[in-house]
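Taking the form predicted alone, here's one chain by itself in C-alpha cells.
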C-alpha cells in the first residue's frame, strides 16, 4: 500500500508529514552536485553547509525562487533524495502526496509543483492545498466557522497574507519577500557601509543571533569576518543589532505594506472579527524578535505568533490528510479557486 505524506516545499526548508506520525523530515531546500557529470553529491543539511563554500566543479543551489520552482531538475532530485531517506520510495512504488502551493500561482506554476513531485517518484498527488489555508489549519484555526481570520505566512522567499472564513480564502495578497531577502539586505548593507563582502550564511547568522524588527528588542553586537573589497584581504568587523535592524528595515516595511493591502481589501462584514482576533503570524521569519510589535504598530491591530510558526503549513497539510471528513472535502474545494 502506498504511503501517504504531506509536503511543505518551502524556499528555505522542506518539511514532510507522514500520515499518522507527524513531521518526520525537516531539511534545508538545498542540493549540491558535480557540475562536470551532473551527479548529486549532497542534499538538505549537508548541501546547506556547502552553500557558498564549494570548490571549482561543485555547486550548491536552492531549487526555488520567490516561492515557486526555479529549477525543475534540481527540485526533483532533492525530493527524490528525501523520499529515499524516509523509505517511502522504492523501485516499484512511491508515496501518495498532498502538497501545499502558494496562493495565486499560475496554472503553469501549479503544474510545475505537481510534476516535480511526480517526477521524483510520487505515485499520485492527492491534494494541492493553498498554503495560507494549510497554515490556518495547522495553527489551530477552525476554518469551518463563519468567522474572519487574518493569517500571514512569512517564509524564506515570499509573504502570503489571507483572510480566511467559512471554508475559504476571502481575500489574499502575496509579496515576493521573505527571510532570504532579509539576508540579502544585510549583505548589501555591510558591503555599502564597510566595503566588506560577507556570505549569505554569515548574513543569516547575524539575523538570527542579533537581528530584530523593533528598537525595543536590542540584542547587542557580534564580530564577523569577510573580505575587504578594496584590498582583497580578510576583514573583521563588529556589527550591532541596530545595524542589522536598519539593514532589514526596507524589506520589513514592504512586508507591512503587503499585509496592509490585504486589510484594505477585506470584506467589511468581517472587519470586526479581524480587529478582535488580530493577525496570526506563521513561517520562519515570524521568529524575528520584535516583528509582532513592528507589525502591530504598522497595521493597527494586534499581531501574534502561532504556537509553532515554522510547522504551521506542514501540520495543516497533515491534519487534512489525517482527516476523512468535512475538512478534507472543504480544502479539496479550494484547489480550483485559490
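Numbering follows the first chain given and starts at 1. Owing to the predicted nature of the structure, the values given are computational and were not obtained by experimental measurement.
Keep in mind that the form predicted together with a small molecule is not shown, yet the notes after this line are about it.
Residue contact check for residue 245: none of its heavy atoms lie within 4.5 Å of the small molecule in the predicted complex.
With a 4.5 Å cutoff on heavy atoms, residue 260 does not count as touching the small molecule in the predicted complex; it lies far away. In the predicted complex, no heavy atom of residue 318 sits within 4.5 Å of the small molecule.
Though the partner is left out of this view, residue 156 does reach within 4.5 Å of the small molecule in the predicted complex, counting heavy atoms only.
Only one of 103-111, 188-196, 205-213, 233-241 lies within 4.5 Å of the small molecule in the predicted complex by heavy atoms, and it is 205-213.
Interface residue among 63, 290, 44, 284 relative to the small molecule in the predicted complex, by the heavy atom within 4.5 Å criterion: 284. The contact residue chosen from 310, 274, 303, 32 relative to the small molecule in the predicted complex is 310, the criterion being a non-hydrogen atom within 4.5 angstroms.
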